[in-house]
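The chain below stands alone and is given in structure tokens; this is the form predicted alone.
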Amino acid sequence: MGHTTPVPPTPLPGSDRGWLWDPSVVLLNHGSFGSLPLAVAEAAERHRRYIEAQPIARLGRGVADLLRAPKEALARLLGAPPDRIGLMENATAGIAAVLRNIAWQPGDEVVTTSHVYGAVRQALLRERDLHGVVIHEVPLPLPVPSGADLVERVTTALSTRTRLVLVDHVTSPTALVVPVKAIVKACHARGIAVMIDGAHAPGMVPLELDALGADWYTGNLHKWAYAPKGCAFLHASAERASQTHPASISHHYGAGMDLEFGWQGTRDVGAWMAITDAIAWMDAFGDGVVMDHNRRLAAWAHQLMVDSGFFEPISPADGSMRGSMASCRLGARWRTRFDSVDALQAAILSSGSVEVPCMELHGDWLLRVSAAPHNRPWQYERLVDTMRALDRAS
């Protein structure tokens, strides 16, 4: 094939033990809903029991105290002050909050890319239908040659009507790490606001949100920060914080992000309290060790897939746009053998007990693998062997 497959990283000691997933299934789709360490799950349950013992005192009067430690831990992970971080259920809710806080005028333009997450596209369509917003999806044909090419495509699409640029930090179907800092700089030079959908970024790539300078940044913590599901955040710049409110307004409207997002009525905040435990779980392996392990394992898996002949690369060969996930394009022959990507995904699961997402994006069939601490090289080899067996059987 003309390539030398890199050496996979040494597994982190004990990292394949203490998870809640079913070990009979090879989980190569950490990027959808994450996979929860048992220690973090148990911590979340302890927090819930603590609240339930005295719900009036601890939730009704003391929720700010309960959330202080997780917000401070999260602030250190994100490089931003806790008072400009609002806790959310997921990144989609963060985007909804921002879109509903903008006083749109008919003809205002939002620039995004053709790799935008499907739920975000739907949120933008709602703003179009309600307010006459114009949505401009910048085409990003595959393979993407470089980060610089992507930045140039986005910035070339800006116009005098552009009100907001909304781009992914890590694209979901294509798993590309986007050079968002260059996009923020170019947009701000033109007076255009920027929101970053960082659904996959926390725990996958280093973050310094205040230094990044985006007007808004939202991200999930259940994927690569190993927190329970329902843990996410919205960060606003110092200039935007006073304009940023939850989509559901509660008692503290206008009192600042800390109070407004911290109290939205009755919520199960046990999962949010466990953010502290999730970050501590990662840090126990060493500063940045989990992130580095996942990135190197994903690089190894990507090359293994490409060398198998069943997958075509869609990202730069130097790995500059890959993190803890890797997407590849499937050749045209798979379309003649399966009716849909869903049928192919089901066949991989039933034949090889491998859970891996297969997606269609603008006519391309893609397969995306994730690399988490519990993954091992043999699991990606099983994926390739399963594809080989399906190829022979078709």
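Model, not experiment: these values are computed from the prediction. Start at 1 and count along the sequence shown; that's the residue number.
The next section is about a form of this same protein that is not shown, the form predicted in complex with another copy of the chain.
Heavy atoms of W263 reach within 4.5 Å of another copy of the chain in the predicted bound form, making it an interface residue. In the predicted bound form, at least one heavy atom of A53 sits within 4.5 Å of another copy of the chain.
Taking non-hydrogen atoms only, P70 never approaches another copy of the chain to within 4.5 angstroms in the predicted bound form. In the predicted bound form, at least one heavy atom of N101 sits within 4.5 Å of another copy of the chain. Between another copy of the chain and the residues S159, S250, S308, S320, the one pair within 4.5 Å by heavy atoms in the predicted bound form involves S250. L125 is the sole member of A182, V289, A280, L125 with a non-hydrogen atom within 4.5 Å of another copy of the chain in the predicted bound form.
The stretch from 76-84, 195-203, 113-121, 308-316 that comes within 4.5 Å of another copy of the chain in the predicted bound form, counting heavy atoms only, is 113-121. Not one of H136, R190 and R295 comes within 4.5 Å of another copy of the chain in the predicted bound form, counting any heavy atom. Of all the residues from 220-243, those having a non-hydrogen atom no more than 4.5 Å from another copy of the chain in the predicted bound form are H222, K229, G230.
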